[in-house]
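Have a look below at one chain only, the form predicted alone, in structure tokens format.
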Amino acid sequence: MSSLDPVLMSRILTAVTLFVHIVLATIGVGIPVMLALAEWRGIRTGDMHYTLLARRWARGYVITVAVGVVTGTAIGLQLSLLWPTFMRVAGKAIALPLFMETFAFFVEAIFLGIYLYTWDRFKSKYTHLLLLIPVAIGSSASAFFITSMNAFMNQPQGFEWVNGVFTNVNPFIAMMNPATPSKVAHVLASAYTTSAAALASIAAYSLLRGSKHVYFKKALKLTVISTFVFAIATITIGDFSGKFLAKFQPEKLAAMEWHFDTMTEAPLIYGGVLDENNDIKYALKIPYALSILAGNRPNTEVIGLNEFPEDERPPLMIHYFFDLKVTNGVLLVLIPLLYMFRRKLPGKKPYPKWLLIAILALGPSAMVAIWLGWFLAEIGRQPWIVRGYMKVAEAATTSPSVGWMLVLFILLYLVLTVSAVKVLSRLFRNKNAEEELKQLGWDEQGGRES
């Protein structure tokens, strides 16, 4: 493997690591919010079904956090091993968010441990619920700090560029760059959406298997409605992201939309193929939509890709990433909407099989949208690792051993994934919800048995 291009191998290994870690990171950010919703509803209504939801979700959450620590550590290790020039040049600018992310994780882990081991230990149930606040803040803060580092790579500021080196770095200004607000908001909202959708898929799966217990129906209602609310928020924030790109990264927006010539009244392109002359065929063109996305007005001027040197243009494949991401986003709104109006649909079944199958697909659909979003963000920044200052090829290691590292890390991720799936499966299979309700002395309606 010594003959393989170390830059290419470094990119593949980093991509594989992020592909695995982003699943765990997304769940790590979103599940605490769902835990809080379920436990709060259980306390407010006196319905212990929701409290049991929180108990069971928390057990699975611990497993994903543990595995996420390993993949997160791998990312930190790979930054130094695979991207030494980037770390040497930009290290001072990204040191603050990296340090603060570690601190935020410690806060989350400490209070999560207290939360798990203090069920039924307090006179006031709200005291236990309040322990989730630092857990949720810590997990969301971790996402904030890591995303702000990525935002810096897209919109660098807070330094002086002298002889190819960042000097006089102000890490706070670097962290609070123009890309941070929209990126962080989008990451958080999409994490909440994905976590709710994943839990909705689990509830739908239980109902499809024939479980008729009201516990699963309540779980479905809570998670599907949460998915709808968070998906609407994600789409709204995505609109702000489009406006950010139009102003600060017009080359990425142009590549996403195959927009080659600067113009007003620019259409939005969905689907299609490009021929050798960059003419678009078989696409759906929505008149004025790109100009409206960029500036809320049909006459907004949108900069075309031809304004940029060819060696600084993002790959045109990101157009498909964007289209598929938007498609999944629409499904994450449409399917919950069908659920909420299911009683007005044809048929007499309150939970028709076709609808449960659609809800089952929500979790995978949301996770695919997360992957597509990160592909869009990272590939759309190419050829830069720090936009305008350092290209990816300049930042990577020259070591010939990256190929072997790739093999070893892939084996590690396979072991971690298989182990996590087996542990989670056994955790819930050995004690199903109905048995646990009886053990806790709760009746069919979620109250104490007399």
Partner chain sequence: MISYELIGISVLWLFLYGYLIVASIDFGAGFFAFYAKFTKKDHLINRLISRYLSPVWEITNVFFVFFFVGIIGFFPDTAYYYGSSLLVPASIGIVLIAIRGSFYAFENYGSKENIVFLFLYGATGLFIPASLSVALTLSEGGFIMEENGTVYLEYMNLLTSPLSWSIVGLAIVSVLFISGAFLTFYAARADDQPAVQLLRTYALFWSTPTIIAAFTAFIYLSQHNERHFNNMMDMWWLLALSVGFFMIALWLLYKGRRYGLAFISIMLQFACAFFAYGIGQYPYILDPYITIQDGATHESMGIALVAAFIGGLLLLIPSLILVFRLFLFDADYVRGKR
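The structure displayed is predicted, hence computed values, not measured ones. Numbering follows the first chain given and starts at 1.
Absent from the display: the form predicted together with the partner chain. The rest refers to it.
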Distance check, Ala93 to the partner chain in the model of the complex, heavy atom within 4.5 Å
yes
With heavy atoms only and a cut-off of 4.5 Å, decide whether Ser425 touches the partner chain in the model of the complex.
no
Against the partner chain in the model of the complex, would Thr167 count as a contact residue? Criterion: heavy atoms within 4.5 Å.
yes
Leu81 versus the partner chain, in the model of the complex: is there a non-hydrogen atom within 4.5 Å?
yes
Has each of Gln157, Arg313 and Leu332 got a heavy atom lying within 4.5 angstroms of the partner chain in the model of the complex?
no
Name the single residue among Pro352, Gly76, Pro364, Pro178 that comes within 4.5 Å of the partner chain in the model of the complex, judging by heavy atoms.
Gly76
Heavy atom within 4.5 Å of the partner chain in the model of the complex, from candidates Ala420, Ile385, Leu52, Leu37, belongs to Ala420
Spot the stretch among 236 to 244, 103 to 111, 257 to 265, 216 to 224 with residues whose non-hydrogen atoms come within 4.5 Å of the partner chain in the model of the complex.
103 to 111
